[in-house]
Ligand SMILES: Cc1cc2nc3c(=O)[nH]c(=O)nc-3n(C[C@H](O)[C@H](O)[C@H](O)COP(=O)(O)OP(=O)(O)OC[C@H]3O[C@@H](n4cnc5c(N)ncnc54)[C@H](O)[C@@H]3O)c2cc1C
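Shown next as C-alpha cells: one chain only, the form predicted on its own.
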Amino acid sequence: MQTIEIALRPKAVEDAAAIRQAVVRSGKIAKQEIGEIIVNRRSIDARGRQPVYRLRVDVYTPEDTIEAEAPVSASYRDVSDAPEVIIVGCGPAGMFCALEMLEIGLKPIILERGKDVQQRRRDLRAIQQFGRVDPDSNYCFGEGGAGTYSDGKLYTRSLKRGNYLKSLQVLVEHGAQPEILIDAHPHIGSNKLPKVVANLRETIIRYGGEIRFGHRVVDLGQEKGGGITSLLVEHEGNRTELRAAAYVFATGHSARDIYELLRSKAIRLEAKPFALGVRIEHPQPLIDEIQYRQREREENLPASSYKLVTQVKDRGVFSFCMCPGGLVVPAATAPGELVVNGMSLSRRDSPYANSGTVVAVELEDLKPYAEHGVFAGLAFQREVEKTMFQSGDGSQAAPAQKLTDFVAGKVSSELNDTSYIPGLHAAPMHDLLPTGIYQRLRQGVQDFGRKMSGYYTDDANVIGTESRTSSPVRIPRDRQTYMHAEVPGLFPCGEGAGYAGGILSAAMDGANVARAVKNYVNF
C-alpha cells in the first residue's frame, strides 16, 4: 500500500473513476499495480485561481486484501453489576466518559439536569418564539450538551489528548455520516446530531449504564479528609442522596450553580482566561465570492468559511465557532440575560454565514471585579449579558448594528436581514460592550477587512453578545490522576471543568477521565 496526494475539481470529488484517473496521472504508481483506492483525508484548497479538493488516498495493489476494522462497540461489555460511577452532565464529555466505562468495566450513572433531545426541542422553541428561558433546558443544558443544537463541528487542535479517530468512529457507528472520518473539518449538523445522541444514549443503557434526566445536583457530602461521600440530587421536587465509587463532574461551561456549590464547600477553584465579544453575520454568497472567487458556488463545494485573527492592544481578537450556511441562536441559560451562539444544519444551506468575533479576556483585565475573587470572570460575563438584555424589550430580541456603523460608533437606522429568529433591534453596541472589548473589536474587524477583502461591509450585522466561548472558571485537577488534588473521588471533566474547547476535545477528555477513574477505583 502506498499513500499519495491528488487534486480534483469539486465536481469530480465523489467520482471513483475520476479519483482512479488522478492516481494514474500522478505517475507515482504503475497503472497495473493499482487496486483498491481508499480516501483517508479530504480538504478544500481555495488558494489558487480555482478551488480544488486535495485528497490523500491509500492505494493498494490488486492482490491486497483489505480487512474492515471491528466496530468500537464490539469491545463494550455488560456493566450492570459493576462498580458504579456517577457522571454529572450528559454532554459529549459525560457521554464519552460513560462509553469508555462500558469498555473498562465500570457502570456509569449519568445525572442530567435537562431533558432528552426530543423534549429539549419544545424549550428551544419557547426561547426562539416566546423569549421564555428554562434554566434547566435550553441550548446549553440537556442531553448532548451545547453541541447538540449548536452546530456539531468536530475539528480540534487537541490531538495529543487522545484518539480522536476513535471518537469519530463512535459517532459514525451511532448514525453520523461517514464523511466525518476523512474531512479535514468534519461537521455533523444540528439536524442530525439529536439522532446520534439518542443512539449513544441507547448504547449506554443497553450495556447496563443509566441516564437520569431532570436530575439536578444541589449538594454534596464530604468526609473529614475532603473526599466526596455522596451527592444530593433533586428530581421533580424530591431530593435523594446518591453514593458511588467516584464522581465525574462534566457539567459544561454554563453550569454556574455547580461552581457556586463547590465554592460553598471550600473546594478549590481557579479563575482562567476566556473570550467575549459579538457574533457577526454576513450573507453566505458574499463569503463564498470572497473565498472561492465565484459568484455562484460550484457543485460539490460547501458553504465557505473563514478563520481570522489579529492582535489589538496586546490582546487577541479572533473569529470563533464560524458557522457557514448557518443560523444565529439564543443561548441564554437564565431569564434576564442575552447570549447568542451559532449553529449549522448538515447541508449548511442557510443564506447566512455567522461567526463569533471575540476578544481574549486575561485575568489582569478583571481587576475591577476583584471583589468576586475566583468568580471575577463570571461577574464580568453576567454584567455584559444583563446589559444586552436590558437594552431590549424583555424578549430575546438581540441588540445589533451594521458592521460599518459599529466601527463608526453610531446606531444603525436599519439592520440587514438575519437568521436570528427572535429578531434584532438597533442598539448602540459601542456603548453596551465594555470599553476595552469594543475598542479592540472595532480595530479588529477593520484588520479583518484588510486581510479578507469584502469582509468589512455594510451588509453584515454585529449581534450581541457572544460570551460563552469557554468557562471563566476551572476546577483544577492533577495531570496524572485527573482527580482534584484536594478532593479524593472528584474528577473534573470536559469544557465546564476548563479542560476542553469543543465536542471532540470534550469527548477525548471524557475517555481519559474514565480510564483515570478505573485506576482510582482499582477493582
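This is a predicted model, so every value here is computed, not measured. Sequential numbering from 1, following the sequence displayed.
Form predicted in complex with the ligand: not shown, discussed below.
Asker: Just to be sure I understand the contacts: of 376, 255, 133, 275, which is the one whose heavy atoms reach within 4.5 angstroms of the ligand in the predicted bound form?
Answerer: Going through each option in turn, the one that passes is 255.
Asker: Quick one: from 402, 215, 440, 201, grab the residue that has a heavy atom within 4.5 Å of the ligand in the predicted bound form.
Answerer: None of the other options qualify; the answer is 215.
Asker: So which stretch, 426-434, 341-349, 170-178, 308-316, is the one near the ligand in the predicted bound form (non-hydrogen atoms, 4.5 Å)?
Answerer: Result of the contact check: 341-349.
Asker: Residue 464 versus the ligand, in the predicted bound form: is there a non-hydrogen atom within 4.5 Å?
Answerer: No, residue 464 stays farther than 4.5 Å from the ligand in the predicted bound form.
Asker: With a cut-off of 4.5 Å between heavy atoms, is residue 494 one of the residues that contacts the ligand in the predicted bound form?
Answerer: So residue 494 counts as contacting the ligand.
Asker: Just checking whether residue 152 would be counted as a contact of the ligand in the predicted bound form - the rule being heavy atoms within 4.5 angstroms.
Answerer: Although the ligand is absent here, residue 152 would touch it in the predicted bound form, with heavy atoms inside 4.5 Å.
Asker: Against the ligand in the predicted bound form, would residue 142 count as a contact residue? Criterion: heavy atoms within 4.5 Å.
Answerer: Yes.
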